[in-house]
Ligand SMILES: Cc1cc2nc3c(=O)[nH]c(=O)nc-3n(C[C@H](O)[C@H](O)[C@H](O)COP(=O)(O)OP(=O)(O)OC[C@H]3O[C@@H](n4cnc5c(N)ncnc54)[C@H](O)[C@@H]3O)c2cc1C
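Single chain ahead, written as structure tokens, the form predicted on its own.
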Amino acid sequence: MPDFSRVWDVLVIGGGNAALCAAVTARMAGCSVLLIEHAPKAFRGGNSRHTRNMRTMHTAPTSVLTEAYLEDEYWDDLLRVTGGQTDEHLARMTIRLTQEALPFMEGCGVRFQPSLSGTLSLSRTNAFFLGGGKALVNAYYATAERLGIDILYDTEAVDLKMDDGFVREVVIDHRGFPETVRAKTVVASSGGFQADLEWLERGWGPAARNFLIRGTPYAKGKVLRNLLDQGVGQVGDPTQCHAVAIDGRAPKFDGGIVTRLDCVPFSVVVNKHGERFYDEGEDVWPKRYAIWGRLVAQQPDQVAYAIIDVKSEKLFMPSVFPAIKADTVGELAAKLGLDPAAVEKTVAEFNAACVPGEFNSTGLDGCRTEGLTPPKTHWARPITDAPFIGYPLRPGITFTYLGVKVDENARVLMDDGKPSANLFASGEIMAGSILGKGYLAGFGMAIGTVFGRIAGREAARNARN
């Protein structure tokens, strides 16, 4: 049990990638650091333990990335998925600073695997963690312990007591017991509010009750709500979030990345009435996978179904749940709980509309439909070869975009635009400053890493002064 009568230089609230980057950076600057993690030790790491990669700018090939991925292309990719709902200054700064992130991460024991190709097409843009997000989190915690950072698990921040933009003290619940923590500076890295279903329902209506939460059940937004209630500047829309289509058989919480389905580009996707509702082949998957959670959320009962045939079975990373297979389209529809006649009609119309082309699973190709609404722009091949394969889809919420406003130094801004005297933020709690809508694969980790390091650096500088 730590001595709660002392005053730490830096208090970090949260236990994921952004929090750990802040804590390690502040400690490396010579500050005393206390990190509080709401989850028990076995579930530490927030959503970061479910991640696989980080989108990284680089000017030449590296040991883990191919070719080059420059600032303007990165920015254009982000601009396309957000529809312009982003802060260009903060976004471009984040993009540029990802170049410095990998050496820092490697210095903390994070290891990367050779570049990956295949369905995700990310070998040029994203660095993949060897062992995934759990290995990344474990490496950071090992570094934190080695550096002498104080860590409390099963500890929730209940109330940040602010006075004119200054955090005087923080009331915590430590394993069921109330305590008060005092620190010269505070970094809020406690995630979004996606695990609070009532809060989601206020934005989405009753449909939110059918959402699945891919990540940690501990992200209930208590710190976010506490700060907004005290006049901290708000950014983002409560209905905007990183939402993907995941296997409908996934658990309500914490299913993680293994529940995501990457078969959509090669599929016909229908709703509960057996009807298509969107272009499955609009663009390469890393630039479109994050729109499918919202698309499914807008369908009746928030459910959809992806249907492929054996030609596409090996083209994507499969779900952790077994595929549903049948010898005919009608039989597959029945197994999925759909009207066989409706699905057979939809698939027949799709097959008839397919225009022959040179199929290319890893890039935009000429395989499209003609005279079909909605169209399928790429990867449109007739679904004709048994066995026929199906997966149920539901919206999987990763994190929400409603958050606190920050400046380029990760300093939290108040409603009047003035910066807090000693409060900083990093990660999902401030990501809405950059992500107004949409998502780009690996960009959440980029924001968390970059702003975690900035927050740790600036909090340490503030504490020393």
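Start at 1 with the first residue shown and count on from there. Worth saying up front: this structure is predicted, and the values here are computed from it rather than measured.
If you look for the form predicted in complex with the named molecule, you will not find it shown, but the lines that follow are about it.
Enquirer: Quick one: from Phe112, Phe388, Tyr218, Phe350, grab the residue that has a heavy atom within 4.5 Å of the named molecule in the model of the complex.
Expert: Filtering the options by heavy-atom distance leaves Tyr218.
Enquirer: Just to be sure I understand the contacts: of Gly233, Gly256, Pro286, Gly236, which is the one whose heavy atoms reach within 4.5 angstroms of the named molecule in the model of the complex?
Expert: Spelling it out, the residue with a heavy atom inside the cut-off is Gly256.
Enquirer: Have a look at 323-331, 269-277, 361-369, 154-162 and name the one stretch with heavy atoms inside 4.5 Å of the named molecule in the model of the complex.
Expert: Single hit among the candidates: 154-162.
Enquirer: Would you please decide whether Val223 lies within 4.5 angstroms of the named molecule in the model of the complex, comparing each non-hydrogen atom pair?
Expert: Because a heavy atom of Val223 falls inside 4.5 Å of the named molecule in the model of the complex, the answer is yes.
Enquirer: Ile13: heavy atom within 4.5 Å of the named molecule in the model of the complex?
Expert: So Ile13 counts as contacting the named molecule.
Enquirer: Contact between Asn17 and the named molecule in the model of the complex at 4.5 Å, heavy atoms?
Expert: Heavy-atom contact with the named molecule at 4.5 Å: present for Asn17.
Enquirer: Using heavy atoms and a 4.5 Å limit, would one call Ser48 a contact residue for the named molecule in the model of the complex?
Expert: The answer is yes: Ser48 has a heavy atom within 4.5 Å of the named molecule.
Enquirer: Need the contact residues for 164-195: heavy atom within 4.5 Å of the named molecule in the model of the complex, sequence order, or none if there are none.
Expert: Heavy-atom contacts within 4.5 Å come from Ser189, Ser190, Gly191.
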